[in-house]
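Take a look at this one chain, the form predicted alone, written out in structure tokens.
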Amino acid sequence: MNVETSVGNEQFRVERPAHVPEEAVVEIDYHLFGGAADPRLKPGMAYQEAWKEIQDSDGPDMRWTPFNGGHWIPMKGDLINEVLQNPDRFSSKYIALPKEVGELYDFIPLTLDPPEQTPYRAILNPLLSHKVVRPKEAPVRALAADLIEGFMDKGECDYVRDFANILPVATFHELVGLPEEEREELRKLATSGDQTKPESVELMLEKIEGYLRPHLKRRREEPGTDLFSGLLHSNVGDRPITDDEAMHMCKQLFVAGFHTTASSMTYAMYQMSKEKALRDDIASDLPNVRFKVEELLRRFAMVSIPRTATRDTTLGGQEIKEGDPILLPLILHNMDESIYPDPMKIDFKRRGALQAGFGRGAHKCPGSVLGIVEISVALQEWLKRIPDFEIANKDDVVMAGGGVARIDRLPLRWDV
């Protein structure tokens, strides 16, 4: 390898199995990789550039790391796509690594494979469809405008604290009908679990379930027009959904309801704050900005998805044993030159393969329509009011790795 990659939590480090060739080993803990806790991260480098550096380094197309119980990492887009499109060979049973953490998540339908997963996706898809989401655009737009106008005359803000951590949470809470005054408390709850510590994740999930239980009971008895009510009064095939199934589905929605959207819009703003030409390009045609969001999502994918081999198989020329975990950093699909020429460049005229930032196959993110609406509105309302801005202090930008990588602090400033 020509890249220094030794960083990680030793708690779940394992020895290299006999079927893993020595030349495939790369020491990466994905919970830290590409974030402030990663000592290899260079000044000005973000999560996406860090993974691209690994992808371009010497080594086989399938790498293996000893961290988090040991797992494979495909370097190429076609390998990532092969795993995502074949749930019979690669199960989504564990949605986090190490397995000691992943087995605590009982989310439905995320931890299920087809055909068991299918009737639950049939419930979610219409609840998050264009028909449901589009009417929510007006209140999302009003909130975005209100947030921006609350700080625009100050000439500065922390984009994460003052905007990105509020807009998606508020939108999600409106969809599910949770109290407005509890938004920040619930955001912190959904992000409180240390993914390297099973006891921390277990406590987080217990607290979320304890919070949701009385809300779901009330929706059972007095259904409204919100997403939770629709879910609770759905059928799994030809029978009513049970309380336990509904809880597992609502916990998934609660945890996944805003992380990726907040992170996506923050990475886009981070890049725009450094590139005036990019800001100007997006601002030049705000009514059609949603057509540019797909390219931004391609360039700034930040989700890593675990899968587990259901049987002995081969992938990328490597022997994969039954039970072997495989981590799929979706950015490696979106940065593959064989799929996207000049992948580091943001090119709004790019055509061809669809980006994989929302995943692929049976488990493609059911909230992708909502995410695109939120990001589009956020860009439109911001650039209407603050078309020119920059990072206030580069040293104050805080990156974080993980299953959903993010920027925890992004101080911006502009002329007033």
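For every residue, the number given is its place in the sequence shown, counted from 1. Note that the structure is a prediction, hence the values are computed from the model and not measured.
The form predicted in complex with a small molecule is left out here; the points below concern that form.
- Against the small molecule in the predicted bound form, the set Ile305, Ala362 and Pro366 is in full contact: each member has a heavy atom within 4.5 Å.
- Stretch-level contact check against the small molecule in the predicted bound form with heavy atoms at 4.5 Å: of 201 to 209, 148 to 156, 105 to 113, 339 to 347, the positive one is 105 to 113.
- In the predicted bound form, the small molecule lies within 4.5 Å of some heavy atom of Arg121.
- Using a 4.5 angstroms threshold between heavy atoms, Ala268 stays clear of the small molecule in the predicted bound form.
- Proximity of Glu374 to the small molecule in the predicted bound form: non-hydrogen atoms within 4.5 Å are present.
- Although the partner is absent here, Ala50 is not a contact residue: none of its heavy atoms lies within 4.5 angstroms of the small molecule in the predicted bound form.
- With the partner omitted here, the residue from Gln252, Gln318, Ser229, Gln195 that has a non-hydrogen atom within 4.5 angstroms of the small molecule in the predicted bound form is Gln252.
- Scanning Asn81, Gln117, Asn165, Ser234 against the small molecule in the predicted bound form with a 4.5 Å heavy atom cut-off leaves one residue, Gln117.
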